[in-house]
Structures are given as C-alpha cells and as structure tokens.
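First, one chain by itself: the form predicted alone, in structure tokens.
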C-alpha cells in the first residue's frame, strides 16, 4: 500500500494541527502550513511529494483560489480538496473549474476525511 502524504494549508492552527494528529494516528504523514505563501513554497520545494492537499479558502495572506492556481501550476497532478467555512457557490464553481478535486464545507468530520482518503488510497495503489 502506498504511503499517503497530506499537506494541510489552513490558517486555523488548532484545526490543522488536530487534523494532522488524528490522521497521523492512521499512519498518514501530514504537514501543515498556516498561510498561502508557505503552502505554495512547500509545494515548490517538494513537487510530487504530496499525495493530496487540503486547502482552506480564506487565508490571511491570499485567497485560496490564488493558492490553488499556483499549486496547479507547480504540481498539476496533485489532487487539491478545498475545505472551507466561508465559501460561496461562486467560489465552489471557480475552484472546481481550476481543477480542485472537491469543495467541502466546514465543519468536516474526521470520518468524511478518512472516507476521502480511502478513495484516494484506491487511486494511488
């Protein structure tokens, strides 16, 4: 079974760290970046390393759609799942048009995330 490596880009530090810890208990490697620029920098320096990216839409330094565009330019194959508590229907349409794999509204349960990962695991095996 291929290792799942997740990059979480979310300015809600408690949420990102809690999600990272809970997924790590399932033998999933997680890294968290708390703003858009550091997330883009990580992808730039580690292109191809993330199995998938969980991206918040509302970040302190830039909007998630801008981050998504940079990520897709740097690593077009990586699935990016938008997880947001603030997204509109227009945001969802724009993200999906830019290549986001899915648009998920917060609050999101760990069960939803693990179901998503089960699907991704099936695709990467």
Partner chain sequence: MIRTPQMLQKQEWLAFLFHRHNAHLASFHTFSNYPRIWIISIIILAVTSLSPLVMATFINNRLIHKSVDSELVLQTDRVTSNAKRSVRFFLEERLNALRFVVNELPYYSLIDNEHLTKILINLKLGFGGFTDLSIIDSDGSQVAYAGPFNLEGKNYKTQSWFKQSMEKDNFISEVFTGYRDVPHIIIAVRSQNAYGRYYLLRATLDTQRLMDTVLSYKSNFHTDIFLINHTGILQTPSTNYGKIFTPTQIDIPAFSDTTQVITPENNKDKSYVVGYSYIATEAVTTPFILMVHKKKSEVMGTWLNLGKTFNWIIGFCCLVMMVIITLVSTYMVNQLFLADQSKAETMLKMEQSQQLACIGQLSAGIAHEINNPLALINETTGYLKDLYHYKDTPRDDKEIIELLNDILEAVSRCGTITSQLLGFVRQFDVQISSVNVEQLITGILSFHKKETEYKGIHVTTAIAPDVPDIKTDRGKLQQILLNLINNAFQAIEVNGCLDITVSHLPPNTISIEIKDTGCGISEENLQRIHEPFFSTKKERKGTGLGLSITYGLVKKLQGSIRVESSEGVGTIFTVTLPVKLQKEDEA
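Positions refer to the first chain, counted from 1. Just so we're clear, the structure is a prediction, and the values are computed from it rather than from any experiment.
Beyond what is shown, the protein has a form predicted together with its partner chain; the following relates to that form.
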Within 4.5 Å of its partner chain in the predicted complex - does that hold for a heavy atom of every one of 46, 72 and 93? no
Stretch in contact in the predicted complex with its partner chain, which is absent here, among 73-81, 59-67, 36-44, 96-104 (heavy atoms within 4.5 Å): 59-67
Under a 4.5 Å heavy atom criterion, is residue 115 part of the interface with its partner chain in the predicted complex? no
Is there a heavy atom of residue 89 no more than 4.5 Å from a heavy atom of its partner chain in the predicted complex? no
Contact check, 8-23 vs its partner chain in the predicted complex, heavy atom within 4.5 Å, ordered by sequence, gives 11, 12, 14, 15, 18, 19, 21, 22
